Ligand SMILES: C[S@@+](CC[C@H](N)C(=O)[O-])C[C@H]1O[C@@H](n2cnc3c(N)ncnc32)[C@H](O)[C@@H]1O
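Below you will find one chain, with nothing else, as structure tokens; this is the form predicted on its own, and questions on how it binds or moves follow later.
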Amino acid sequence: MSQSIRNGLSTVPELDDVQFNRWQGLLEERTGMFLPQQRRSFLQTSLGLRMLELGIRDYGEYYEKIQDGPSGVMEWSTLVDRLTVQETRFFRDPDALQLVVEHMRRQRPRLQAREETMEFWSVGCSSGEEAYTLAMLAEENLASTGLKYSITGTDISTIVLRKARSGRYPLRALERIPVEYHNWAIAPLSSQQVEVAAQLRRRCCFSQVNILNLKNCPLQSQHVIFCQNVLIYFRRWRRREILDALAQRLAPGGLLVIGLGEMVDWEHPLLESVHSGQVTAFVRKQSTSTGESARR
């Protein structure tokens, strides 16, 4: 008897090799995410639970539903939310954040002279903790000098984006936020929930973006692009494509931060590597022809 996912009296059959390859291919085609064999149980559980909710017991039937017109588009969106939600937290990588702070301070005089707004982009922002962390650092290091800033968080999942827009988090989130930010950056809502302060929420916006379609993303001339713990879900050739697109969206002098070890052999003619043993980052050169293509 085959193994199954159980929910009361309902069951969903095991995801066999053929079905796994079929769903693995669809996910990669539409989102770029690659699920290796080691994550088969994750895919089976995610598909199975959703199928049980819909009263579907066959993977093929559910696959056809995903392909069926407008209703299939809506169902696909629901499934993607289940498959792409990632864990995140405030102040996740102190070394990378310190690099961002140093970059802010270096860029501050030039942007003040031009009366420019400093633009930040959190790629794969999930439920918003990373974007609001950047907002806290910008508020502390830029706002006091009169320099304006703006944070954009993007993700493919509509569910996490709704949470990000609310700016509300469980009380335990405070454990990750340095004490010096508690009084002005976070407001208590109840004994179990806190809210990011209004002046920070006003500086942040959140949009749904499929990282495979960055050519359609309107964001340009970003001063900081933070893209950590995103590339690990993609094949290496796809990581290069994503990074090439992000490089084009940096302002001259802008900073691109990725996860340590996520892409160790990538370079781009517009960028220079930041020499650091703790952070993988790049700075866009002040004057380089934008027509050059990335080195492969």
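Here the structure is a predicted model, which is why all the values come from computation and not from measurement. Heads up: residue numbers just count along the shown sequence, starting at 1.
Below, we turn to the form predicted together with the named molecule, even though it does not appear here.
> So in the predicted complex, does V123 come within 4.5 Å of the named molecule, heavy atom to heavy atom?
The answer is yes: V123 has a heavy atom within 4.5 Å of the named molecule.
> Does the named molecule come within 4.5 Å of any heavy atom of Q222 in the predicted complex?
Q222 lies outside the contact set for the named molecule.
> Closest heavy atom of V209 to the named molecule in the predicted complex, within 4.5 Å or not?
The answer is yes: V209 has a heavy atom within 4.5 Å of the named molecule.
> So, in the predicted complex, is R176 in contact with the named molecule at a 4.5 angstroms heavy atom limit?
Flag for R176 set to no.
> Specify the contacting stretch among 196-204, 209-217, 94-102, 145-153, defined as having any heavy atom within 4.5 Å of the named molecule in the predicted complex.
After filtering at 4.5 Å, what remains is 209-217.
> To verify the annotation, which of these, R89, R168, R108, R162, has a non-hydrogen atom within 4.5 Å of the named molecule in the predicted complex?
Comparing distances to the named molecule in the predicted complex, the residue within 4.5 Å is R89.
> Only counting heavy atoms and a 4.5 Å limit, does any residue of 218-249 reach the named molecule in the predicted complex, and if so which ones?
Sequence-ordered list: Q228, N229, V230, Y233, F234.
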